[in-house]
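What follows is one chain in structure tokens, specifically the form predicted alone.
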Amino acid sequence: MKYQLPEGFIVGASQAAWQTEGWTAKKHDNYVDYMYKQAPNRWFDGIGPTIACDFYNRYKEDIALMPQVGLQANRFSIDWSRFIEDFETATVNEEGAQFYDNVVDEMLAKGVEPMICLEHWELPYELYEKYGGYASKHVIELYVKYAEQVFKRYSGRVKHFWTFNEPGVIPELCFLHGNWAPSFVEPKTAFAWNYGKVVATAKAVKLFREGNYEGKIGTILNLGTVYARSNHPRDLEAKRMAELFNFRFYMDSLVHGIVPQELIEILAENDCALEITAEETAIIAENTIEILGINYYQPGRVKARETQLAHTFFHPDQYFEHYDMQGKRMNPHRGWEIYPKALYDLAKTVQEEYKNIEWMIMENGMGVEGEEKYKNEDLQIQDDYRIEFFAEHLAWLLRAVEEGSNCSGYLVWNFMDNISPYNALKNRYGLVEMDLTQDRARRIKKSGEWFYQMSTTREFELATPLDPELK
């Protein structure tokens, strides 16, 4: 079956500063640099952000490849710790800023729309060490000062600005679970960071509008449709609570302008009270985002708790248990479920419950280990599994668009193989291979050729028709 991309529908890819640039010419560490320095042995094969893709030195070579794999747009982040020299005054580091100037110019010259994300986990480490990160009201103000410098410099040439990418990941994995550095559990800090990023986004939106900067401003959330094990009231309540913590905290706050009252009360009852001021409540209400970015990889499946949760600290999991559905389709390399229909269900939720706000998929991809074994005689990776993954997800997304979902683009993760936290380069995601055995040589994969054809012809085929009854 053939599918046509709607007129004006953007296709592209995303990347992050810390995952691609390397440490060349950096003057400050960001939070992920700190994570790596704390425990480099925990990163697969010890590979971290030191060199990464060496994008800082090879950006011209890499951006030249972008149109060759059909990218109409590329979302990249600015490393706050590279861009700003003095965080208190938001004095720009002109050497670092010149690099981003060059990246924007090069993308525009190659016909690729640059989209800027202000923070993809690149909080300057100094602001964590001194003030505690986004739990600090002062850090929020410093973030807004930094955002203003970016808006001033790139408004006009850049049409899409994103305040954060996956703002809940660092709070969850570092402070709620204690899996990542600093590797301690402090749920109050986790929720303070989440709320701080909500306030920071609202203040950045306010600044953007008052400054009459060109373009649209939003944020990018990692969301997955949550499914209950059954229609039993206890399972449905588990689903509702999972959505409250994993979905509604950011969505209600940033799209509707209201931090969920139930969540505020639960946190207060569990020694995790948010420090909310009347001024912040008004700013959040009056400065909702204009566009929403969504990263989707896998669904969430939950059931009512069947065992007592013995936590020393408060944890949202006390309200639900994760449900391991038998027979689900899996990516065995990443350990994640493959369920493209969840993207359709997610689109319908945004359409019906969140003002049908304009939104884009900003990340969607499949990480695979050991891709070198799929090379043909020309050394090209034959990643048909990734082509199938993209086609199925895009087909379900376009069905939702046909039904009125206000989705205006599909950006994949990612343009080129790059490092991930601790996973490093174990699982690869790129349309373009980065070969560590040959000085990080770049080679377009079969999926890159498919993406180019899809982008230029504005159509693609799916061998198996979509099953509307899929559960």
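One-based numbering along the sequence shown. Here the structure is a predicted model, which means the values were calculated and not measured.
The form predicted in complex with a small molecule is left out here; the points below concern that form.
Check: Can residue 48 be called a contact residue for the small molecule in the predicted bound form at 4.5 Å between heavy atoms?
Finding: Close contact is absent here: in the predicted bound form, residue 48 is far from the small molecule, nothing within 4.5 Å, heavy atoms only.
Margin query: Just checking whether residue 409 would be counted as a contact of the small molecule in the predicted bound form - the rule being heavy atoms within 4.5 angstroms.
Written below: The answer is no: residue 409 has no heavy atom within 4.5 Å of the small molecule.
Note to self: When the contact criterion is heavy atoms within 4.5 Å, does residue 36 count as touching the small molecule in the predicted bound form?
What the structure shows: Answer no; every heavy atom of residue 36 is more than 4.5 Å from the small molecule in the predicted bound form.
Item checked: Proximity of residue 120 to the small molecule in the predicted bound form, heavy atoms at 4.5 Å -> Close contact exists here: in the predicted bound form, residue 120 approaches the small molecule to within 4.5 Å, heavy atoms only.
Margin query: Just to confirm the contact call: exactly one of 162-170, 136-144, 260-268, 111-119 touches the small molecule in the predicted bound form at a 4.5 Å heavy atom cutoff, so which is it?
Written below: Within 4.5 Å of the partner lies stretch 162-170.
Check: Just one of 83, 249, 297, 76 has a heavy atom within 4.5 Å of the small molecule in the predicted bound form. Which one?
Finding: That would be 297.
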